[in-house]
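Taking the form predicted on its own, here's one chain by itself in structure tokens.
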Amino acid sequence: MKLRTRLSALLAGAAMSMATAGMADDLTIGYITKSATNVGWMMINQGASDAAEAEGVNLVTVGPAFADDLTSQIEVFENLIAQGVDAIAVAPADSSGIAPVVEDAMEAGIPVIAVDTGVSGAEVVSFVATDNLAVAKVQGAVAATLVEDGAPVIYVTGDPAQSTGQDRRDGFMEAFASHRPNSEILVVPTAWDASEAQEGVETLLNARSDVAMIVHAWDGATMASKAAMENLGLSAGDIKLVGFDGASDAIEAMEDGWVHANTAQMLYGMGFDGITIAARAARGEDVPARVDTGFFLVTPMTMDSYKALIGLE
């Protein structure tokens, strides 16, 4: 099935199933996510679903075929506007590229809430996300404590077309370099693609036997680096891994000695808050322009507290 047909069918099916639910408010919120399969996004999406139930609104959840598929996100966005949904929450695949349809929605009187990633070039009603720049600075400072000055490290990026990827890269680079000015940072560029991450990490590790640590812009890459190490016959602890997200699989890898630190987003809470804000905006209530959903520094010492906080058994 072609992408356009598949997305349209998904949108129509979701709208039909939600419309028959007969919820109290009779409000419909469109939620455009980045992924339904990434572990971190599954946690965000669950929060969004639970918030819709708590708020008593219909939720139409749709997403692109892959994380940076702006074209399909725009198509879904246009379909939601045409259906006349009461609000739209979106996690942009491209911060600037999504701006024109955001403007269209706002001009049509449909409030737009950005979740996880900001919008550049258009105003939204509210932005619900981690302060990625600030948290990435924490990641860089913590990572610096794990290696000696002069030890080479790898940094696996996110998508530079998204504010999320930009802020996480910039925050890490600034903080780490200030603490370890003589350490070389080898960059693996990706667009939130775990295959790209694994291939890039394996290539660098084959070329460089002196890498002491790998730092990641998201936990899909953390798990990709673990797989790369395993493919090369390396064991837990041979190279330190530092994550960003607090995804459940990365926390399990920390239990097994692979991951040494993780700046965890409040992933479930981000999705929950995003749809809660969207529902309130749809009702015409005043909502905050910015919601910082916070973070948790997960280390082997704090891991149990984090697991209890998010209900991870």
Partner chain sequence: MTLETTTRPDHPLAGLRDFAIRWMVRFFRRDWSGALLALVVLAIAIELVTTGRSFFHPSNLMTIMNSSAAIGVIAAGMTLVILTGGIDLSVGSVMGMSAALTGYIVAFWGVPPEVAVLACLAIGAAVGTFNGILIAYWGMPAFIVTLAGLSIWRGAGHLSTGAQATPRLPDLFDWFGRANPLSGIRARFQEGTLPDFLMPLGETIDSLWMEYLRTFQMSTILFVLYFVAMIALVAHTRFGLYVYAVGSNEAGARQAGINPRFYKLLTYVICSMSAALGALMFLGRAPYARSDYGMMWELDAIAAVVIGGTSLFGVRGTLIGTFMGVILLKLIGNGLTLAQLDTFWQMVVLGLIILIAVGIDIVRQSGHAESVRRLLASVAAVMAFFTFLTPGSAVMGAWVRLHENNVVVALRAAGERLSGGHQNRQLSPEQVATAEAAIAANLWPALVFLGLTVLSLLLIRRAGAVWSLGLAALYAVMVVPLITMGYATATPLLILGAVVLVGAAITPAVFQRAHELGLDESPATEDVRRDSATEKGTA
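Just so it is clear, the structure is predicted and the values come from calculations on it, not from any experiment. Residue numbers count along the first chain shown, from 1.
Omitted from view is the form predicted in complex with its partner chain, to which the following refers.
- Highlighted residues 43, 49 and 55: none comes within 4.5 Å of its partner chain in the model of the complex, counting any heavy atom.
- Shown alone here, residue 38 lies within 4.5 Å of its partner chain in the model of the complex, counting heavy atoms only.
- Within this chain, residue 171 is remote from the site of its partner chain in the model of the complex, having no heavy atom within 4.5 Å.
- Residue contact check for residue 126: none of its heavy atoms lie within 4.5 Å of its partner chain in the model of the complex.
- Not displayed here, its partner chain is kept clear of residue 134 by more than 4.5 Å at the level of heavy atoms in the model of the complex.
- Here the chain stands by itself, but in the model of the complex one stretch of 141 to 149, 81 to 89, 223 to 231, 108 to 116, 223 to 231, has heavy atoms within 4.5 Å of its partner chain.
- Contact annotation: of the candidates 99, 212, 161, 175, the single residue with a non-hydrogen atom within 4.5 angstroms of its partner chain in the model of the complex is 161.
- Note on the partner interface in the model of the complex: the residue among 186, 74, 236, 122 having a heavy atom within 4.5 angstroms of its partner chain is 186.
- Taking its partner chain as it sits in the model of the complex, the stretch 192 to 212 comes within 4.5 angstroms of it through a non-hydrogen atom at 195, 198, 199, 200, 202, 203, 204, 205, 206, 207.
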